[in-house]
Structure formats: C-alpha cells, structure tokens
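The form predicted alone is given below as one chain in structure tokens.
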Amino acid sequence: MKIIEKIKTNKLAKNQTEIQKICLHKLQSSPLPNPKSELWRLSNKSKFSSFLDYSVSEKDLKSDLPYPKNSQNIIRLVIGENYKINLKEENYSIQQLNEDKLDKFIKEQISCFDQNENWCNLLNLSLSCKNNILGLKINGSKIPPIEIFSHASNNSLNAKTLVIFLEKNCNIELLQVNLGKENSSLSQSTFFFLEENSSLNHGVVSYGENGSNLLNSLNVIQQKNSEYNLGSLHFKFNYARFEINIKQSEGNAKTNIKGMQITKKDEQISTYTKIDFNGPNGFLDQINKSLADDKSHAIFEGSIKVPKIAQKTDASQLSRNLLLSNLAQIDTKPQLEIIADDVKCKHGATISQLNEEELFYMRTRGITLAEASKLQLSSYFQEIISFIPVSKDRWNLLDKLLNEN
C-alpha cells in the first residue's frame, strides 16, 4: 500500500504514538503539498512520486557504513540502533533526552507547523517510530567530534528524527551522514536548539545509490550569542530535497552556511532555505553552489526575513551555479523580505560554465581536458568541502567527488 493511502486510512502503525497521530491529523486534510506553491512548483512530480512508492520499514538496519571504524577521538551514533547514552567526562556530558522532554519539544514544534511549508517534517514525524527518534542533551567543553548516521534499506522507506539540545557555553563539532541505498527512500528530520553562548559546527553529507531518494529537513533555533555553522553536500540521489529553517529567536546570533548540490544523469536535487531574524544584531553569511550535468536539474530557493524588530541585521545570501551541459537545468531564487530600516542585507545569483580560457591554457601545457576540468572543479568544490567538519583521513570528500562516475 502506498504511503499516501496509509496516511488517509490512518494505518501507518499498529500502535501510533501521540506525535504520529497529531502529524497525521494535520496531513489528512491535504496529504500532499500544494504543487502550485513557490516551495513545490519546481519539484518533479514523477520523481517525488517515486519517493512515496516504497513501503515504510521500521526494522533495525544493519550498519553498513563507508567510514573507517571508530577512532578513540570520535563519538559515532547510528539512528535506529538501541542506545542508552550517558557519557560523562570531566569536561562534558552527553545524555539521552528523556521521553517526556523529547515529546514536549517535538509537540511544541508541530503546533506551529504549516501543512505546506513543513510538509516534510510532518510526513517524517508521522512515520518515525520511537526506535528511530534520537534525542540528546549536550553540555560542557572539549567534546570529541560526533558522527551521526541515518541510512535507508533497499526497496523501503525509512524515517529518522534527530533532536539535539546544546546547553549554555557548549561547543561541538558534529557530522551528520545520510545514506541512500539502491531503490530506497530516506526521510530525515533534524532539530537543534542552541542555548546562549553555544556553538555548533555542523556538517551534512548526503549521498545515495542508483534509484535512491531523500527528504532532508533541518530546523535550528538559536538563542542570544550562539553561533551555528553549516557545511552541506548532497549528491547521487534520483530525487533529493534539503530544507533548512533557521530562527534567531532573539537576535544577537551568528549563522554561516556553505552548501552544495551536485546533479548528474536525470537527477533532481533542490535546496530551500528560510532564515528568520526575530531580534536585533543578527548575522548571516550564506553561499549555496549547484553543479548540474547531463539532463539533471538543480534548484536553490532562499528566503531571508527581517522584520521591524530585527534592526542592525547583517545578512548576505549568494547563489553560485555551474552548468556543465546544454541539457541540464539550474533554477535559483535568493530573496529578501525586509521591513527593518537599519540593516545591511544583500543577495545575488550567478550561473556559469567551466572557464574555456583556463581550460585552453592548461591544455597547451600538456594537461588533458579531463584533468583540466578536474582542476577547475576542485577549486569550485573546495570552498564548500573545507567548511564541512570531516577530517581528510576519514573520508576524502574532494577525491570522492572528482572521481565519481
């Protein structure tokens, strides 16, 4: 039975949680997002349908991860595995959120969800069983790097949810990896709550195999004097959609985002961002890159909202795109909504191809066209990859991208 039919008949699970019931209730009046809305009008209907075709799986998945085994300096977690986390060291503490606090936080978020804008989150939470929801509370300093994995199984739809609270003065580095198996769909929702003076360096690396699909939603709430840095990379998905929603709840916070999506063959990968400034002295520096080849389609739409209360906001949003084929498509739409009158905000977009003069120069020096193209792409990729908190000895992202078929 298809997933939408299951939503309509309200039979997703034998024992639905209260959160699942709330999300289903919101979805039942309009189970699918509005294809005419700005957020969904470019989404490929056929590919989106393929995401929904698979049966929901709640089974534990075997951890078949492409990373080297754990090092003593890294904490690795896999959503869907059974944990009782209570890591307490001299300088830090990582604890699993108790069920009541986790449910309360998720319900608070759901209460203000719009059915169309937050459709991915609602779908994911309606499908996520308790075993596939991981909640953590982190505090302290000198915390080792953390790796958190979500993965799908073949011919199935898997839903995962991650909730993390960073307490005051906490500083962490976290890499999140989303893996799509062949002919699969992965639904991932992530929630971060950053308390005052906390800092998070967050990396998101999502890559799939033939016929894999991904809905990836990221939700961040920042309190005063917090800093959130995001480096993201999405590639090798038949269909993927990355939604970023960031709210600076009181202003006086910093956000830095550098993301990239790479499409080939007939893939479609899109990124949608919404940044809300709800107080003065907020800061944003955002760069999104798209690379499209063959008959693929890459999409970026960004929204920055600066209400009257958000005076002294300093925000920049830039979309830089590389088109490698005459048959490929890139749609880009950075936008500002400003009501405050004392701000410094800018946005822009460019679409270009590989530099023919540089290619010609390198070829006259004996470098083949393929090698010259790789050199240009290496420069294009490096700005984003260097912002993702992953060490080269654990996974050489640049090498993986340059040698990807």
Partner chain sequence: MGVSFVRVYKANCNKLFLDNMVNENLVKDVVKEPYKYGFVTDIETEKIAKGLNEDIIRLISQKKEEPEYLLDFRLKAFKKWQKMDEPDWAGLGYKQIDYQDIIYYSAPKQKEKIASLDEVDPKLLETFDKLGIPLTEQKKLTNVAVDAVFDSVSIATTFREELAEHGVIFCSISEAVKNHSDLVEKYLGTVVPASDNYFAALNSAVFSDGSFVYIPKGVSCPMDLSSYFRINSGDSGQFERTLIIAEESSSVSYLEGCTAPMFDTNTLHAAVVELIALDDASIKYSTVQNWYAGDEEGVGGIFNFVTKRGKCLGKRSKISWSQVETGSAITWKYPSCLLLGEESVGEFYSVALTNNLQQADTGTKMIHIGPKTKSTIVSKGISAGNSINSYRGLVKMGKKATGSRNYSQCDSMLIGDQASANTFPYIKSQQPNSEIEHEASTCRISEDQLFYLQSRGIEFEEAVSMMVSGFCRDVFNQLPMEFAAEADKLLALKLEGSVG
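Owing to the predicted nature of the structure, the values given are computational and were not obtained by experimental measurement. Residue numbers count along the first chain shown, from 1.
We do not show the form predicted in complex with its partner chain, though everything after this point is about it.
Given that the partner is absent here, does residue 265 sit within 4.5 Å of its partner chain in the predicted complex, heavy atoms only?
Judged by the heavy-atom cut-off of 4.5 Å, residue 265 is well away from its partner chain in the predicted complex.
Would residue 32 sit within 4.5 Å of its partner chain in the predicted complex, counting heavy atoms only?
No, residue 32 is distant from the partner.
Does its partner chain get within 4.5 angstroms of any non-hydrogen atom of residue 38 in the predicted complex?
Output for residue 38 is yes: heavy atoms within 4.5 Å of its partner chain.
So in the predicted complex, is its partner chain close enough to residue 219 to count as touching (4.5 Å, heavy atoms)?
No.
In the predicted complex, which of 22-30, 43-51, 339-347, 363-371 comes within 4.5 Å of its partner chain (heavy atoms)?
That would be 339-347.
Can you work out which of 251, 203, 334, 259 has a heavy atom no more than 4.5 Å from its partner chain in the predicted complex?
Here the answer is residue option 334.
Within 4.5 Å of its partner chain in the predicted complex, heavy atoms considered, which of 110, 318, 85, 77?
Partner contact (heavy atom, 4.5 Å) among the options: 318.
For a quick test of understanding: in the predicted complex, does each of 129, 134 and 159 have a heavy atom within 4.5 Å of its partner chain?
Not a single residue of the candidate spot has a heavy atom within 4.5 Å of its partner chain in the predicted complex.
Which residues, if any, of 316-331 lie within 4.5 Å of its partner chain in the predicted complex when only heavy atoms count?
Contacts from 316-331: 318, 320, 321, 323, 324, 325, 326, 328, 329, 330, 331.
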